[in-house]
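Before any questions on how it binds or moves, here is one chain, the form predicted on its own, in structure tokens.
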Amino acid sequence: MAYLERYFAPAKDQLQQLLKRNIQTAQTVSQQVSDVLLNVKEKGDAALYQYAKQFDGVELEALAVSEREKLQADELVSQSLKDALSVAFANIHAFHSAELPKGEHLTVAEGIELSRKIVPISRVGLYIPGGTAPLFSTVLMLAIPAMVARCPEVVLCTPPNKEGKVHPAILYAAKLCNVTEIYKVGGSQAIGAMAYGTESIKRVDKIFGPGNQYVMEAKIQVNSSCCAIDMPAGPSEVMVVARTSSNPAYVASDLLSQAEHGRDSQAMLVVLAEKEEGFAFLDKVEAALSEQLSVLGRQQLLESSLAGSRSFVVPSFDACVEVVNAYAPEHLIIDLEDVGNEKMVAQVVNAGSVFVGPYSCESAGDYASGTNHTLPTNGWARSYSGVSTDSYLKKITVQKLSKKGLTDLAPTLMRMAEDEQLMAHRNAVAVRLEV
């Protein structure tokens, strides 16, 4: 059985079709999300309780996670997982601390001083998926940079299980990051609650976090009206760039590790080779996929994801780079030996996060190497960066002009104002200098 459709050196017009993602937001999804958001906006908490029953199958007694539940969660998390989270926390905190920017201060001319003041966003909302898997690692990825940026208020929303509980590892990770305001709200209704505010959940200034197509659509809709978002991140994706001497088992494992996120995830493979040897390598990858699939869980989900994934054999390095930049992958894994790796990294301009060499598995970045795993998907890596400490900060420009500074700049200011026919602008200069 072949899991990946295979293509050799596709032409540009064909390539664009082949690089399309599995999911396109349907009009029905857009309307459903719009209806949910409007209901949350108008009915507040009542809508959230209604959707908990409708979508999560649970009648909640309260939206907020209680202190008792947090204490119980602490006891339910194994020491080995606590130790693992401690290592991940240290690495992620170190890298995001290094990202902290410093405000600039510059005198551009005598009497004209310019600077930037850097301040944290006052209240941020973190969305943590909990559908097919409890993503407690995402708590670290979103809450640590908020901690480093010193955001005064951080709220976390995540869907409850059938018993009305939040996974204990999510609560423990939140505790590590000093996040105490946690609500049992998932899906597009959580995005609405954080964007508009309800009786229980005070509105936030910016929303962070990945999610399914409903969550992504909700983020896009609130971003157009009332609330900033990190990026329009949707279903996960990876592109692996390999050579025929790459280890097919490594390649297969990277494809599967991303494919298991969801049925609409996508795992793409690019092999730098001539057609015959490239297809022979694909046969080895297919065999490795079959072998690994036989012992992994979530098999139906994995096979569904792979059915929407593809492989490409391209004969030149430049063609390889072209495929990568055209796809703009969320995760890019490069295994072309040292010189090829460095050359590829230098020429890639569209990617969320890059993993270099045979031992840089995508799982490292997903969990504990230190970089952030909340990344742009669906081609948004062409214009968006992944979440970083910078995402939680605002930059406010400050300027101070002396009388001499304004006098020297006045001819430029008044000339430009006159030619734009904005005479009140000119007057604001002239009235100070009596000219």
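Counting begins at 1, following the sequence as shown. From a predicted model like this one, the values you see are computed outputs, not experimental measurements.
Another form exists, predicted in complex with a further copy of the same chain; not displayed. Remarks below refer to it.
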property: Site check 91, 417 and 432: each within 4.5 Å of a further copy of the same chain in the predicted complex by heavy atom; result: yes
property: Partner-proximal stretch of 267-275, 313-321, 180-188, 342-350 relative to a further copy of the same chain in the predicted complex, 4.5 angstroms, heavy atom; result: 342-350
property: Residue 14: touches a further copy of the same chain in the predicted complex, heavy atom cutoff 4.5 angstroms; result: no
property: Contact label in the predicted complex: residue 381 to a further copy of the same chain, heavy atom within 4.5 Å; result: yes
property: Residue 176: touches a further copy of the same chain in the predicted complex, heavy atom cutoff 4.5 angstroms; result: no
property: Proximity of residue 403 to a further copy of the same chain in the predicted complex, heavy atoms at 4.5 Å; result: yes
property: Contact assignment for a further copy of the same chain in the predicted complex, among 204, 143, 149, 215, heavy atom within 4.5 Å; result: 204
property: Single option in 307, 106, 287, 71 placed near a further copy of the same chain in the predicted complex, where near means a heavy atom within 4.5 Å; result: 106
property: Residues in 213-240 close to a further copy of the same chain in the predicted complex, defined by a heavy atom within 4.5 Å, in order; result: 220, 223, 224, 225, 226, 227, 228
